[in-house]
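Form predicted alone, single chain, as structure tokens, below.
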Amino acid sequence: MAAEHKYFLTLNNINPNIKKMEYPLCGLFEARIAELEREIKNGVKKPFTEIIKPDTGDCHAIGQSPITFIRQVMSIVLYPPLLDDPKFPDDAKQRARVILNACRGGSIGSYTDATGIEIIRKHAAEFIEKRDGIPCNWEDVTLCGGAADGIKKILKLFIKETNGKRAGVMIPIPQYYFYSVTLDEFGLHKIRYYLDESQKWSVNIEEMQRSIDKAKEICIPKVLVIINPGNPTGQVLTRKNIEEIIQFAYKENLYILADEVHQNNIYSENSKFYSFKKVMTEMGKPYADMELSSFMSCSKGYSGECGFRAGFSETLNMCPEVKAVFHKASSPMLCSATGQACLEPLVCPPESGEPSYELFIKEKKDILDSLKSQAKLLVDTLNKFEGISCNEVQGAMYAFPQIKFSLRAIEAAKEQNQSPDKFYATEVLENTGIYIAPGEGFGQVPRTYHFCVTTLLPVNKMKIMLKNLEVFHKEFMDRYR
């Protein structure tokens, strides 16, 4: 008889960090959502006809149209004979030629250097310089496979114990759960600091101090993560708040990691995006000499090109010897040129007088105006619901409303061995086909409950979603009075 099969890899011998990784709560819903979609397809009667998932930041998946100029450039670099096609504008062809001439063998199918295509890095530096009004050295710019890839490469530099203590990374709560998962994977200690919901999700320096003082007992704090505009909270930090954060990071000797991928998504008339680089530099010494890595992506903003997985980072004031090691560590992973090509039309868009300019500006404005109106509709409507309060979405693509539950609802959730927000989200899904992500998966102040919903749904679909949610919400609140 054949010997009984025994697994080589078991839970007892795999990387313990992988086992500790926090599984995003939304992932627990995916199986049920897939099951419901199959049931609808097979004719099983439900109180809804489709699943609506207003929790994702995948712009095009929810219905956002691509920018024509970006897709024209990408089409040409993927199929160069289109350079001779009169239907494509000259400025799109010019951008495509720049990319192809910089590729090895003149083909987008070739590898690039680990730091990215040089000419696109230079254009990204020009983009940053124009944005901030401050010089940018292109050699400080690195192209990456989406902002997440760039962030992970920086965080890897901090994986080192000191006197038996792990390095600690400060992350905002509520948080984009990518950070929790990555820190678990790398064995870095999570230092959670709560954003101030009562002050439009601003960063409270006293709370940061409380958080870091407590963490010093068990780790060595080394990195401060800031997400601005906020994900999933939708705030845009004021310049004064940014200055306070920089002063705090200087006092505590922290490396600043600025996640600024939503910098084009500003909706509030009273809000303005300031990059950490700009504020830090204009504050002068000693702050201008602080170490900083900031990140931008083509997945958000008005382009929404998530599928190309492209982004870039700017790293300032890094020790030259560390910088050399950083690039050396990236060298074995030769980069794909396709995503980088998508960055070129983003950092070098059509200029006034070029044939694509007017259409580009119109499409960009239409998308951002639509996102602004969708954000206002979402917040205004949710604030009319009993027991729900939602801060203004000043920027980014998400709202994080708070919901107050009755004691009966909380007890019903306990009976199901669920948190109240997960219980509510489950009930919403089963009764309306709408998936809202429970706040538990993002972190929240104890004994407060939230859910995350995106502002990306087109207005007509958002109105339908909100109407169905309102009907359910009234019934839910009545049921558990």
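Residues carry their position along the shown sequence, with the first being 1. The model shown is predicted, which means the values in this text are computed figures rather than measured ones.
Here the subject shifts to the form predicted together with a further copy of the same chain, a form of this protein not shown in this document.
Enquirer: Would you kindly say which of Phe360, Tyr194, Phe158, Tyr302 lies with a heavy atom within 4.5 Å of a further copy of the same chain in the predicted complex?
Expert: Here the answer is residue option Phe158.
Enquirer: Identify, from the list Glu411, Glu354, Glu291, Glu207, the residue with a heavy atom within 4.5 Å of a further copy of the same chain in the predicted complex.
Expert: Contact check passes for Glu291.
Enquirer: Taking 4.5 angstroms as the heavy atom distance cut-off, pick the stretch from 196-204, 322-330, 275-283, 376-384 that is near a further copy of the same chain in the predicted complex.
Expert: Residues of 322-330 come within 4.5 Å of the partner.
Enquirer: Does Lys19 reach a further copy of the same chain in the predicted complex, with heavy atoms at most 4.5 Å apart?
Expert: Yes, contact at 4.5 Å.
Enquirer: Does any part of Thr68 reach within 4.5 Å of a further copy of the same chain in the predicted complex? Heavy atoms only, please.
Expert: Heavy-atom contact with a further copy of the same chain at 4.5 Å: present for Thr68.
Enquirer: Is Gly57 close enough to a further copy of the same chain in the predicted complex to count, meaning some heavy atom within 4.5 Å?
Expert: Contact with a further copy of the same chain, yes.
Enquirer: Find out whether any non-hydrogen atom of Gly105 is located within 4.5 angstroms of a further copy of the same chain in the predicted complex, and reply yes or no.
Expert: Residue-level check for Gly105: yes, a contact with a further copy of the same chain.
Enquirer: Which residues from 220-257 come close to a further copy of the same chain in the predicted complex, meaning a heavy atom within 4.5 Å?
Expert: If the 4.5 Å heavy-atom criterion is applied to a further copy of the same chain in the predicted complex, 220-257 yields Lys222, Ala249, Tyr250, Asn253, Leu254, Tyr255.
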